[in-house]
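Encoded as C-alpha cells, the following chain is the form predicted alone, with no partner shown.
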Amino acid sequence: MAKTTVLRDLLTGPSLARIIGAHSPLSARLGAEAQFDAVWASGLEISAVAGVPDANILSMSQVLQSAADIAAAVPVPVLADCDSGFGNVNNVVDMVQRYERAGIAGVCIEDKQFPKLNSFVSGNHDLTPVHDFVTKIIAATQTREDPDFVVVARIEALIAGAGMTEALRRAEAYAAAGADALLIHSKKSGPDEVYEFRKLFDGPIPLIVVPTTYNTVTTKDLQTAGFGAVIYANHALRGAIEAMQQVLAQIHQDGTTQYVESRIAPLKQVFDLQRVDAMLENQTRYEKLAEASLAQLEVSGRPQVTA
C-alpha cells in the first residue's frame, strides 16, 4: 500500500494516529522502531540541527532535502511541516510537486504570513487573509497527482490571539476548500482550548493536535475527545540535546570517556541503525554474482576483459 494511502487511512481511521517529530533519517528510524504510526518532518527540528531559527531561514530546497532523506529511511509515511508554503500560491504549487516526487506522504501548511515565526516564540504571528490561504489549499489539492497525497491546513488563529470565532471561521473555509485534515494549534498550558475547538467544529475532516505546551494530556484523552492524530513535534530533538549536553560536560570534567560508556549507545547499536549488516550482505552477494558471471565467461571460452 502506498504511503500516501497509509497516512490518509491513519488520519481517518478509528484510532488516534501517533506521529513523532524527526530531523534526520536516524531520528526517524528511532521513531519508527518505537512504533509510532508516522513521522513529522519537523520544521523546528530541521532548523535547529542546521543551527538557525525556525523562521524560514532555510530555503524550501534545504527543508525538502531533509524531509526526502527522512522519507527514504523509514517504512512509515512522512508528513512534512512546510510552514506557510514557502511563499505565495505559486510557491505552493512548486512545493507540492517537489514533495510528492520526493516520496513524502503529505504536507502541512499554516495560515501565517511568510516568513513565519515559530509559534512558541514571542513576535509577529500575523495571519494571512483567509482568501489567500484558501487559494493555497485549492492549489495544493489540484496540483497533487496522487489523490491520496494529504494536504493538512494548520490554523494559527489561537496562537495569534485572534480568538475561537476566527479559528472556527477559518476551519470551515479550509475544510470547504478541500483540506484533508486540520491542525489546530494552541500554546495554552492545558488542553481546554483545543477541546473547545473540537466540540464546536462539526466538519467532516480529522483534527490534529500538537500538545507541546499542554503536555499532561494523554493519547487516551485525545482519542476520547475525538481527535484524529497527535504530533509530538520536537521531543526527539529536545531529548537528544539534553543527553548530549550531559555526556559532553561529563567527558570534559572527567578527562576520560570511561564514566559515560554505560549511558551512551554502544557502537553496535549505531551500526545497526546505519544498516551496516545489510550493506555487508549486499557486498558479499554481488561479489559472488560477479564471480559466477566471470566463471561462466571462462566456461564458454569467451575472452574476459581485464583492466
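In case it trips you up, residue 1 is the first one in the sequence shown, and so on. Just so you know, these numbers come straight off a predicted model, no measurement behind them.
Here the subject shifts to the form predicted together with a small molecule, a form of this protein not shown in this document.
In the predicted complex, H185 approaches the small molecule with a heavy atom inside 4.5 Å. Proximity of F114 to the small molecule in the predicted complex: non-hydrogen atoms within 4.5 Å are absent; the residue sits far from the partner. Mapping the unseen interface onto this chain, D54 counts among the residues with a heavy atom inside 4.5 Å of the small molecule in the predicted complex. The small molecule in the predicted complex comes within 4.5 Å of a heavy atom belonging to N118. The chain is drawn here without the small molecule; in the predicted complex, the stretch among 59 to 67, 34 to 42, 274 to 282, 247 to 255 whose residues come within 4.5 Å of it by any heavy atom is 34 to 42. Comment: the small molecule is not present in this chain, but in the predicted complex one of A236, V76, V92, V210 has a heavy atom within 4.5 Å of it, namely V210.
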